[in-house]
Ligand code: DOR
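Starting off, we have a lone chain in the form predicted on its own, written out as structure tokens.
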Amino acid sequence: MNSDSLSLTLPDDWHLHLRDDEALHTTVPHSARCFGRAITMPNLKSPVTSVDAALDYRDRILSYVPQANRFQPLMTLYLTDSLSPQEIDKARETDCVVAVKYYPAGATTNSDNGVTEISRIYPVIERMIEHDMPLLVHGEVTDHCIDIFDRERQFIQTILQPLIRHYPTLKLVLEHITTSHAVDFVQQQPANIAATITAHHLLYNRNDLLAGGIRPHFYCLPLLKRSSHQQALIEAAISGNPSFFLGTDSAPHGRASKETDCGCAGIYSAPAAIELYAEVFDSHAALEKLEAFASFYGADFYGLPHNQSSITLLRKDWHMPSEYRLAGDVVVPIRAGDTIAWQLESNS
């Protein structure tokens, strides 16, 4: 491996927000440039709660994929208290709907229709186990009595651990983990339990959000945590443990919604996603571990083949634009106006 050039099997993004309609004009090409597939989140303003809605959404996404690109969105269903087990049967009849997303009600963007009490979804979980369909979990409690920095740990202790004891064969991904508690939990589980890790939780901690003033474009949920948790995530990502794999959680919001007295949660990383992961792995002398983390472990967990094409990254500085158009507004990306140390050269 040339220290200034890195070739990877085409990676996949196992946690992505593309939004809908006109926003797709920006978000889809940004992700399609460096990822072959992406688990596409269902928390639209009208949540994707049926297979028919998921397939319609997929068609809208595909209409924005650049012509020469083979990007494939992998669709998910939004889990509600009333989702029918029969909808899981229907999902298994198509290769396009591959998982179900669990949002605790009120946990994050467009999650008001999420699960209010986990026992209400047991029939759906049992049907998912029958079909070996993964449950993708936003792992935070929403009790306002719980400190916001402790909500992931509390979720693991009070919701996730009992769920896994009750359903030990459930295939589950704890999404966008942020704490050493989550790392420890996943490391102690069998291979049917995995976790995604974002670039922004590897690169930043809560000082970047709060020190010297509140920076709304670093505001995401789950929140950035203290540096010791950041270090635990880095160690997990570069460890070679196949239970940890890439999921950007890239989540665009227009500037008008972000820079307000009650700004939206989400960091838009898609324009430099794989390059930022390369920065992290490079800075920890682990570039040789990036391909498996980005291109193999997630596909293996989902039972999908590895991509056959490849990308090449060059150690070459470039500057992130300060903004991109987004559906009548602009979105401020991660590292806006700053230098990125790796650059995508080709997608062959």
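These figures come from a predicted structure and were not determined experimentally. Numbers follow the displayed sequence, beginning with 1.
Although not depicted, the form predicted in complex with this ligand is the subject of the following passage.
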Heavy atom within 4.5 Å of this ligand in the predicted complex, from candidates 135, 272, 220, 115, belongs to 220
Of 171, 253, 127, 151, the only residue with a heavy atom within 4.5 Å of this ligand in the predicted complex is 253
query = Is residue 104 a contact residue for this ligand in the predicted complex, using a 4.5 Å heavy atom cut-off?
reply = no
Contact between residue 335 and this ligand in the predicted complex at 4.5 Å, heavy atoms? no
With the partner left out of view, is residue 265 within 4.5 angstroms of this ligand in the predicted complex by any non-hydrogen atom?
-> yes
Is residue 108 near this ligand? Define near as a heavy atom within 4.5 Å, in the predicted complex. yes
Within 4.5 Å of this ligand in the predicted complex by heavy atoms, the stretch out of 220 to 228, 152 to 160, 81 to 89, 206 to 214 is 220 to 228
Across 27 to 49, the residues having a non-hydrogen atom within 4.5 Å of this ligand in the predicted complex turn out to be 43
